[in-house]
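The chain below stands alone and is given as structure tokens, in the form predicted alone.
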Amino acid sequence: MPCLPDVPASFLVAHTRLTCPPLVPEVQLHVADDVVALWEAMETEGVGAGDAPPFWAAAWPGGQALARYLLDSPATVAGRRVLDLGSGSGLVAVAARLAGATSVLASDVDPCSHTAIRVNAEVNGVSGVAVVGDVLDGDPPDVDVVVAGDVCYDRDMTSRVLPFLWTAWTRGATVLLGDPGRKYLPGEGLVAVATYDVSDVDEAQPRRTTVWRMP
């Protein structure tokens, strides 16, 4: 589980604002109002994962739905070890700890995300969140629950993440996905456990977003 170089917290704070996601008002996050300006600043100051967009600077609907579900159904993670896959801002990781998870492993490929997770956890008074890089090329870590928000956004990512999730499931982990209808989400093998209308970062109307569980 490789670790990427840290990005200064001062950069993140300077280019975002602190707010609460609409569906999860219990959690504060640093988000970007102008993603293009943020992306330009990342290029100028040489931070981030190369040409990767700053996915960490938004509260994506799949993550909001998962966070809401965990806070409303704390028994899902209470007293359990959690992997937050594609953690981004750390929203779901923070929600898992607030819901009683004993520990959370927050995985993301972007070093800016690593900083965002740490900063957002601190803002919310949350400890016990360990941050790592890409875990998809290895065996799933020894956890009890795997949560993944908005990970089926393109074909390549989906082809990497689904086998990993099924492996975690076959080894006994509870696996939950938050998804707002991305076209690469598999049509079979998942059970809906909750549905929400969530404000999306790039659309005027809320998106119907489902929390799915591997059966």
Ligand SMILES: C[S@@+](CC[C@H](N)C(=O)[O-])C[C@H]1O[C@@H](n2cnc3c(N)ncnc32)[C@H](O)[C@@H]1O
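Note that residue numbering begins at 1 and tracks the sequence as displayed. What you see is a predicted model, and the numbers here were worked out from it, not measured in a lab.
FYI, the form predicted in complex with the ligand isn't displayed, but the following is about it.
Asker: Among the candidate stretches 74-82, 120-128, 138-146, 87-95, which one is within 4.5 Å of the ligand in the predicted complex when only heavy atoms are counted?
Answerer: Result of the contact check: 87-95.
Asker: Considering the ligand in the predicted complex, which of Leu38, Val27, Ala59, Leu176 comes within 4.5 Å of it through any heavy atom?
Answerer: Contact with the ligand in the predicted complex is made by Ala59 alone.
Asker: Does the ligand come within 4.5 Å of any heavy atom of Arg171 in the predicted complex?
Answerer: Close contact is absent here: in the predicted complex, Arg171 is far from the ligand, nothing within 4.5 Å, heavy atoms only.
Asker: Quick check on Phe55: any heavy atom within 4.5 Å of the ligand in the predicted complex?
Answerer: Result yes; Phe55 sits at the interface with the ligand in the predicted complex.
Asker: Report whether the minimum heavy atom distance between Tyr153 and the ligand in the predicted complex is within 4.5 Å.
Answerer: Answer yes; at least one heavy atom of Tyr153 falls within 4.5 Å of the ligand in the predicted complex.
Asker: Would Ser107 sit within 4.5 Å of the ligand in the predicted complex, counting heavy atoms only?
Answerer: Yes, Ser107 is a contact residue.
Asker: Do heavy atoms from each of Val13, His15 and Asp33 fall within 4.5 Å of the ligand in the predicted complex?
Answerer: None of them does, since no heavy atom lies within 4.5 Å of the partner.
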